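Below sits a lone chain in structure tokens, taken as the form predicted alone.
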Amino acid sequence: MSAAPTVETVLQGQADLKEWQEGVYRDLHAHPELGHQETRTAGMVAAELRERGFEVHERVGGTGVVGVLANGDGPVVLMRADMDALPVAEATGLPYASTVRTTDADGHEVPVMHACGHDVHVACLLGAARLLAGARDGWSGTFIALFQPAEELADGADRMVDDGLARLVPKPDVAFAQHVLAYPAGTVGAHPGPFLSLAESMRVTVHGRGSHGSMPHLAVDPVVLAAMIVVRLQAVVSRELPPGEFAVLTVGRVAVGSKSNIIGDHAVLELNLRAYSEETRSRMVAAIERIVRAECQASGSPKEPEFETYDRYPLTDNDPAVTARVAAAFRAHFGDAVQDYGRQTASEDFSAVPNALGVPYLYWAIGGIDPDLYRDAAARGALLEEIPGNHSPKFAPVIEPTLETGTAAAVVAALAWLAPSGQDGDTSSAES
């Protein structure tokens, strides 16, 4: 099935971008920056957008960059890429592997790596921006390229919104984002409805009474209290939610005590919650608070427990009509390479942007793993053992066809709205 003529028009220059785009990607990968420290990346992005004729806004929400390319009358499409990296020591062995070390927000020296693929996202959006700017006769409307900081810190999108994003750009008709995942490179998939889980972390402090290790009868032991809470929390998902309702409740950290012969006076538990609905999240939070308070009472805790939530990610809930429209455009261009990866348990803050702007959105995924390696590992049942996932120190998307696919996907999705009237992107009878 052939792609729409306007898609072919815009993408015909993609082969000429390959050397430049791959160089951009290698440079980004070798020079990762943590959230809210993306000054080098932001500077490179802003310079490229200006060179292509975009109206550029810098330092939006700190280090965010927004480029607006107006090209006549028509719809407004926003496409976002996240820029930040992770405090991970790279172990890929690539010739362009990161050796960067920096100081994080807490003053600790840490290694830095693009272990989640945000370098792919930036390179793909820059490629799409260059293609659209170079083929303006093939489309009409406005394209907004938004480069977001600090997705990994869960506040980059909110900071851009709070810094007046809505005043800087025309209101979009639709918003897009994409993510490279551990699926075969060359594939692309869009899933309607909830796609990425909402998530939040919770810090729970419970109080005991300290004593010497030889005199436990004088103490209210926070170690025992914390242990009982951890055990009880394991039943929240398995016994308090309906079978088949997705939820994750992880106790990721327990901090208590300072020495083997000292019984401390408090314990701190750090939890992570994920769900596909606000109702499920609320039920988990209520269960956590009930269990913690009950265990504190059972242990004779001298003070009420304390609850603090942080790092909250909104639900990524793809608009069904937008998903159907883009999926049809993907099938027209990519054919059998279009897949439905299903719901993902990871979380994102992208939706804070379209939610704040009041526009529908679609967040899709592309594969980044060598297809032959993936198929071989799948045939042997060894995907989990042999294919590194996002955030792994060995996560290394193959450059091609990952960049080609991600760039084309951004262009194809945009042109499903921006194509001239009468072609496949005609918006006159489609709902957004």
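If you're wondering where the values come from, they're calculated on a predicted model, not measured in any experiment. One rule holds for the numbers: they count along the sequence shown, beginning at 1.
Separately, the form predicted together with another copy of the chain exists; it is not shown, and the next lines address it.
Participant: Even though another copy of the chain is not shown here, does Pro95 get within 4.5 Å of it in the model of the complex, heavy atoms only?
Facilitator: Judged by the heavy-atom cut-off of 4.5 Å, Pro95 is well away from another copy of the chain in the model of the complex.
Participant: Given that the partner is absent here, does Phe246 sit within 4.5 Å of another copy of the chain in the model of the complex, heavy atoms only?
Facilitator: Yes.
Participant: Looking in the model of the complex, any heavy atom of Ala298 within 4.5 Å of another copy of the chain?
Facilitator: Result yes; Ala298 sits at the interface with another copy of the chain in the model of the complex.
Participant: Taking heavy atoms and a 4.5 Å cut-off, does Ala166 contact another copy of the chain in the model of the complex?
Facilitator: Because no heavy atom of Ala166 falls inside 4.5 Å of another copy of the chain in the model of the complex, the answer is no.
Participant: Heavy atoms within 4.5 Å of another copy of the chain in the model of the complex: which of the stretches 103-111, 258-266, 182-190, 140-148 has them?
Facilitator: Result for this chain: 258-266.
Participant: Of these, Asp173, Glu240, Asp317, Asp158, which has a heavy atom no more than 4.5 Å from another copy of the chain in the model of the complex?
Facilitator: Contact check passes for Glu240.
Participant: Only one of Thr99, Ser282, Thr250, Thr309 comes within 4.5 Å of another copy of the chain in the model of the complex by heavy atoms, so just point that one out.
Facilitator: Only one option qualifies, and that one is Thr250.
Participant: Taking only heavy atoms into account, state which residues of 182-221 are within 4.5 Å of another copy of the chain in the model of the complex, ordered by sequence.
Facilitator: If the 4.5 Å heavy-atom criterion is applied to another copy of the chain in the model of the complex, 182-221 yields Ser201, His212, Gly213, Ser214, Met215, Pro216, His217, Leu218, Asp221.
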